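Just one chain follows, in the form predicted alone, and it is written as structure tokens.
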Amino acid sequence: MKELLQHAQHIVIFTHMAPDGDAMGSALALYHWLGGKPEVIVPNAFPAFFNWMPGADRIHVYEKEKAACDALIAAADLFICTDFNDPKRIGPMGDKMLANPCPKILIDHHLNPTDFADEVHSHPEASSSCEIVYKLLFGDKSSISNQQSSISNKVATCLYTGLMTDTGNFSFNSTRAELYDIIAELLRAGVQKDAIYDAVFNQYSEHRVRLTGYALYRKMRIYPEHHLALITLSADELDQYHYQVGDTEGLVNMPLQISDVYYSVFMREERAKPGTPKSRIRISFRSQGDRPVNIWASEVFHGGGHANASGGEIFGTIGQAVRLFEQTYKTYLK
């Protein structure tokens, strides 16, 4: 990887559709560590509560800048893919990337990556892609930087954001002691952890808070025999509360606060785009303890992820998604 980076002149960094904190953090950490020279391209808009992140204003959004992004992709001599394991996860950019024969580096923590990259750093046991980036760049004497003291505040801030958000503020996928060794190093680099938490979790709009209340009061179903909760929101319901990208972030975790709920699923409808006959239903899965949901997400909903935090999708209606959910949950839940 070090050799590839040294010889590349036109690097493009990709991350997945609907970028979350780990996607943003891993991509921007690499961007800053490489001196702000790479181009970072995301498939679609990221939540406004990540606008504060250093370098966020330099990110290209493919949906808004298709021609310019296509030119950057065609001219690249190295691709770095962070926080996704399949070119399909970056939408139409995936085909553009594969059409360019230049080397590709994959940095990811999801199960079963497809065989598209030349240099693969896939570690499903990791808490986040940001953890893997940290280890690659600063982990020990064999890492690319060769010394931990080279962590800049911008890099550290991006990495901490990914670690914090992909573990639910260190409430899941975060039991290994070495993760907290990394956090300690990031704090020594000047990370302001309370300010980051505030920027991500305490800057919501009134509409988002009201949407959350509606979802929990009106749209949450409990399946007590399997300690399972389901929340669904249609596109019309989202419109009613002036939905913005990121407004349902974390909603899937809330039913787990109920004492006898160990599994939670959230379904959100995205309206069909012109030329697309069906709506996309995005589905988030969460669980507690030794209760995996990633196999269910993978085998039924074309997704995957961590044992306790996964995602998937189907094309159709909310009703169809719920019927598929109800037909299969007894097979996959304890």
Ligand code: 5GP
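Residue numbers here begin at 1 and follow the sequence given. This structure is a prediction, so every number in the text was calculated from the model and none was measured.
Form predicted in complex with the ligand: not shown, discussed below.
Proximity of S279 to the ligand in the model of the complex falls outside the 4.5 Å heavy atom cutoff. Using a 4.5 angstroms threshold between heavy atoms, R208 stays clear of the ligand in the model of the complex. Within 4.5 Å of any heavy atom of the ligand in the model of the complex lies no heavy atom of V42. Interface residue remark: H60 is not counted as part of the site for the ligand in the model of the complex, having no heavy atom within 4.5 Å. Look at 29-37, 297-305, 270-278, 61-69: in the model of the complex, residues with non-hydrogen atoms within 4.5 angstroms of the ligand sit in 297-305. Though the ligand is absent from this view, in the model of the complex it lies within 4.5 Å of a heavy atom of just one residue from K104, H110, K96, H227, which is H110.
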